[in-house]
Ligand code: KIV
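Here you get one chain, nothing else, as structure tokens; it is the form predicted alone.
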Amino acid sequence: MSNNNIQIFDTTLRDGEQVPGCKLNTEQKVIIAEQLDQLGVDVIESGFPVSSPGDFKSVQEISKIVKNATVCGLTRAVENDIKVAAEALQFAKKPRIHTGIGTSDSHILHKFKSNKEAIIERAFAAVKYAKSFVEDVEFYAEDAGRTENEYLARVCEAAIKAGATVLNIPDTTGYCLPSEYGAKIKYLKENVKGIEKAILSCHCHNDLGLATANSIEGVINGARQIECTINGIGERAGNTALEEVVMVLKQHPYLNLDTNIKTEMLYGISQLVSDSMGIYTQPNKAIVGANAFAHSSGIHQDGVIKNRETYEIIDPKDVGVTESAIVLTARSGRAALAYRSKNIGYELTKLQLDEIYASFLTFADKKKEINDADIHQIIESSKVYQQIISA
């Protein structure tokens, strides 16, 4: 793998599916997994096999059909979890077991009622046991975002000694600022013995709306894997959105960081996940929201009609959207009305446009949005209609 290549670890089918009401059946998971494989993700976290017979079956069936990506199963630092995950992954071409334990003071004291040395021992043992089943073992230090860096480095060293190939540094509660999270990755890169044997991975939650920013700061500081979900779905406020980090890296080539994602598939897979899970994607969602390439302000519309790049930093076609949308509202100007009228067959002169625009504004003040049928009605009821159709 190139040192400038960022692996995309998709956890839509595991962390994303933990959203209440978004349970998928095995058939739906397999369909999404096939699309993720075609999209070009490097790793598909397909489930938590020990959690239920259904999850076990889903991980097993996904393992059978995925051709290119690594297929990953989640476990706790519990031997039976790891053994069951290995069984579920037995058909995978490239299997990975993802095991780990909480490392923050809060988790150690309250969740495990343990101590720091015992947690390090459990981390080492879990990775060692997972390594007896598969070569590729990822270790997660849950709540690493709130874990003191020196102790986190010790845990990471133990995981590497046990054979971990990837170190997941989760900001589990979405608490870190980008500068803090980036500094944490940098610290581990510079202070963990044997770090060259493993890939550092970002797994950021969006509780403060910083998941994408934290993940980008992480890879700038040396991480080489981002864990994310389609549409940013996930626990509470969600995870890092796959489509966002991929397009940030693509639109900022000076970062010299690349992914293997076929970006023209992003909108389609976003719709698939939204429809399958029954989750409404907010219109203003970056990259894949309904309004991501829609313009209703007259000033913006005029600029985009003249040159798309005036107000769009991404070509809609790059993410699978056919074209920008010029939405007619009472805020729209003459240029937008002329553009939309031309699209439905009316070539308007400046004088004709002036005549119709006054009627358009009156009409638009009564409706939130003007559609093509409304444009026909406005033009057909105008004084200049006969001039237009005879031209």
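Here the structure is a predicted model, which means the values were calculated and not measured. From 1 onward, residues are counted along the sequence shown.
This next part talks about the form predicted in complex with the named molecule, which is not shown.
- Note on the interface: of 243-251, 169-177, 281-289, 315-323, the segment with non-hydrogen atoms within 4.5 angstroms of the named molecule in the predicted complex is 169-177.
- For the chain shown alone, residue 142 is a contact residue for the named molecule in the predicted complex, at least one non-hydrogen atom being within 4.5 angstroms.
- Interface residue remark: residue 205 is counted as part of the site for the named molecule in the predicted complex, having a heavy atom within 4.5 Å.
- Using a 4.5 angstroms limit between non-hydrogen atoms, residue 15 touches the named molecule in the predicted complex.
- Although the partner is absent here, residue 108 is not a contact residue: none of its heavy atoms lies within 4.5 angstroms of the named molecule in the predicted complex.
- Among the residues 74, 257, 266, 127, the one placing a heavy atom within 4.5 Å of the named molecule in the predicted complex is 74.
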